[in-house]
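Starting off, we have a lone chain in the form predicted alone, written out as structure tokens.
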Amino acid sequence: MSNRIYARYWIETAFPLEQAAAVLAGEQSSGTFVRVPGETDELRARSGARVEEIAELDTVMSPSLPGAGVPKGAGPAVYRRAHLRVSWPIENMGPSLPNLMATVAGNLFELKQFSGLKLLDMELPEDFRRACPGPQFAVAGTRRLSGVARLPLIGTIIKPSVGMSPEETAAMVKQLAEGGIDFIKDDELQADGPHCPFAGRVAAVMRVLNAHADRTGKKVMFAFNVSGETHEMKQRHDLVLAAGGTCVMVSVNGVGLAGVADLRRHAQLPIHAHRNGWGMFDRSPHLGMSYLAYQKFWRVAGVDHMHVNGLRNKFCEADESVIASARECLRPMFAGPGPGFTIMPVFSSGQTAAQAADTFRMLGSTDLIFACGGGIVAHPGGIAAGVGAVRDAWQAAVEG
């Protein structure tokens, strides 16, 4: 396998495609806006990024983003669009996730040669599999800890998102556990606020879940939101572990790649990755990065579950995009023997029993967490009826 990093982009530029691509490759490796002493041909051959492929797509007459430049004296600007593939030697940054981000998704977005630029995908060499932690539990470990062998984990989110005390949260958890739920998570807005302190919430919730497990033999998985400074996340993880909990959650955009990787190296529990803030990367088709590229950073950092939105969701993402994201989570990142860094996709956002059949038909797998907030908690028949409806819908979908 090549020992290079490959990244694929969608670009839009008023400059000749080859010139714009060369500027990007130079800016993101050994070059800058002017040739400098010391940048020898030998150094450029060794450390410069390579433009591997340019595939022209179409043209438009106006720029998609403000601030883009145009060639001097070229007359009316025509903006060309293309797919661009660039590669870098691993020696430029080593298997470092923060420095990988700076290379493939750094200053290139501000280059005035581009009126549109989006990272579509990337391929990483074996160095990252050997050096980075990767997922610890993923699908198999999550199924083992939750006791769910065949269907998706039927889950929910604590709602209202904030405002309840630890005791009120535990009372809702008791209803959910008695209703047959497999998985519960904190809302991403609930962390360690004064109205619901983390330690108090863990104690109250685990008292309920441990008692339920003692009675029934089923330990409901609760993803406690440990997001915070690195030392806080480790302390919170240890509190959950000591209380008998089986999962922690992080807001990955808030704690960063280094924070997630540090927590993963410390963790003895699955890490549930919430992608809140994701829309700023992908909502514009002309800027940012696709989920196919985005989720690879977090998989290598070591998360076990990751949100992919859901069908007919309350946000703006199309169903086809949601399913493509979920498929990517289940597809190995690396070929050959060794861990493929697959993870469990989490469907959420306006999900109810109504989406189960289509989700199974389009994804072709039950290796997922199906999280319904209002779809369970607000069910007209009550929480137990909500859980039962979602589980029945998935059972029916699997049985055809």
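Keep in mind it's a predicted model, so treat the numbers as computed, not measured. One rule holds for the numbers: they count along the sequence shown, beginning at 1.
Although not depicted, the form predicted in complex with a further copy of the same chain is the subject of the following passage.
Site residues G67, N107 and L189 are all in contact with a further copy of the same chain in the model of the complex, judged by any heavy atom within 4.5 Å. Residue L43 is the only one of A335, L43, L57, M61 with a heavy atom lying within 4.5 Å of a further copy of the same chain in the model of the complex.
Proximity to a further copy of the same chain in the model of the complex, taken as a non-hydrogen atom within 4.5 angstroms, holds for one residue of Q235, N210, S96, Q136, which is S96. Partner contact region in the model of the complex: 249-257, out of 324-332, 70-78, 249-257, 139-147, criterion any non-hydrogen atom within 4.5 Å of a further copy of the same chain.
Of the heavy atoms in G340, none are within 4.5 Å of a further copy of the same chain in the model of the complex. Using a 4.5 angstroms limit between non-hydrogen atoms, A22 is distant from a further copy of the same chain in the model of the complex. Contact check for A385: no non-hydrogen atom falls within 4.5 Å of a further copy of the same chain in the model of the complex. Although the partner is absent here, G245 sits far enough away that none of its heavy atoms falls within 4.5 Å of a further copy of the same chain in the model of the complex. Taking a further copy of the same chain as it sits in the model of the complex, the stretch 256-277 comes within 4.5 angstroms of it through a non-hydrogen atom at G256, L257, A258, G259, A261, D262, R265, H274, R275, N276, G277.
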